[in-house]
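A single chain comes next, written as structure tokens; it is the form predicted on its own.
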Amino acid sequence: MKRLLKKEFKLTSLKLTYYFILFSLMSFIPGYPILLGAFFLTLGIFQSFENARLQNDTLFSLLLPVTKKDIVVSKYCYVMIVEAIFFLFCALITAFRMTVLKDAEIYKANAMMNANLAYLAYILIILALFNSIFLGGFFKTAYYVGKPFLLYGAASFIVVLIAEVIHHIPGLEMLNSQSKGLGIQAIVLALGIVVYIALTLCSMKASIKTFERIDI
């Protein structure tokens, strides 16, 4: 498993994917749908999967002395590690905005989403959708990546739209605050964590069963 994971990072993954982690810096941008940073990260991961497809990585992996389950788990672990690094950067920037920059006028007057605990929850939901829709869809064929990514893209943009609209609903303004309603935001973040773990694990288990039935 360790060698497969090492292969993912050193051979299969494009350097471009790691550069896309820098889209976490979008968390600083006011007046912009900063949740798109999570989508751009997944776009970078998608590019690595497309490159792997062109290089016949799946066939190469099957020729190694490993099980199909190991191949699936290594792919998921690779994706989750990249996502974890991105999320960590977003969390650090969010903490900075909620402390040092919490009184900055540019953020107080921000009509778009602010970086707070609810924002981190939405990031986890988008990443969970990527893991379930894209990764789950990819392992149905272990080859095609276009359709699963388009379906995921549509779902992620719906989440972005909902997240940008919901804090304008009377009574839910605290979801966009960087200093108020932190208790509610913490609950939302906890739900985001549960959604990420549940969807990712369910997707991985389903992908293992699906991939084991595929005759490549």
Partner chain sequence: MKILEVSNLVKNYPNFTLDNVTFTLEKGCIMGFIGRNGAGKTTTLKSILNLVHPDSGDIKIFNLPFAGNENAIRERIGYATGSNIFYPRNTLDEIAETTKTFYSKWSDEDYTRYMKLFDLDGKKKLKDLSEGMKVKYSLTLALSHKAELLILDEPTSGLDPISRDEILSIFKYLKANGTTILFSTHITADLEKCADSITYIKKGKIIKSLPIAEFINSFDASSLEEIMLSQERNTSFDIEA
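Positions refer to the first chain, counted from 1. Please read all numbers here as calculations on a predicted model, not as lab measurements.
Heads up, the form predicted in complex with the partner chain isn't pictured, but that's what we're talking about next.
J.: Is there any non-hydrogen atom of residue 66 lying within 4.5 Å of the partner chain in the predicted complex?
T.: Yes, residue 66 sits close enough to the partner chain in the predicted complex that at least one of its heavy atoms falls within 4.5 Å.
J.: Contact between residue 10 and the partner chain in the predicted complex at 4.5 Å, heavy atoms?
T.: Residue 10: contacts the partner chain in the predicted complex.
J.: Should residue 51 be classed as touching the partner chain in the predicted complex when contacts are defined as heavy atoms within 4.5 Å?
T.: Yes, residue 51 is a contact residue.
J.: Would residue 161 count as a contact of the partner chain in the predicted complex, using a 4.5 angstroms cut-off between non-hydrogen atoms?
T.: The answer is no: residue 161 has no heavy atom within 4.5 Å of the partner chain.
J.: Identify which of 26, 188, 174, 62 has a heavy atom within 4.5 Å of the partner chain in the predicted complex; exactly one of them does.
T.: Selected option: 62.
J.: Name the stretch, out of 30-38, 147-155, 54-62, 161-169, where some heavy atom lies within 4.5 Å of the partner chain in the predicted complex.
T.: Flagged stretch: 54-62.
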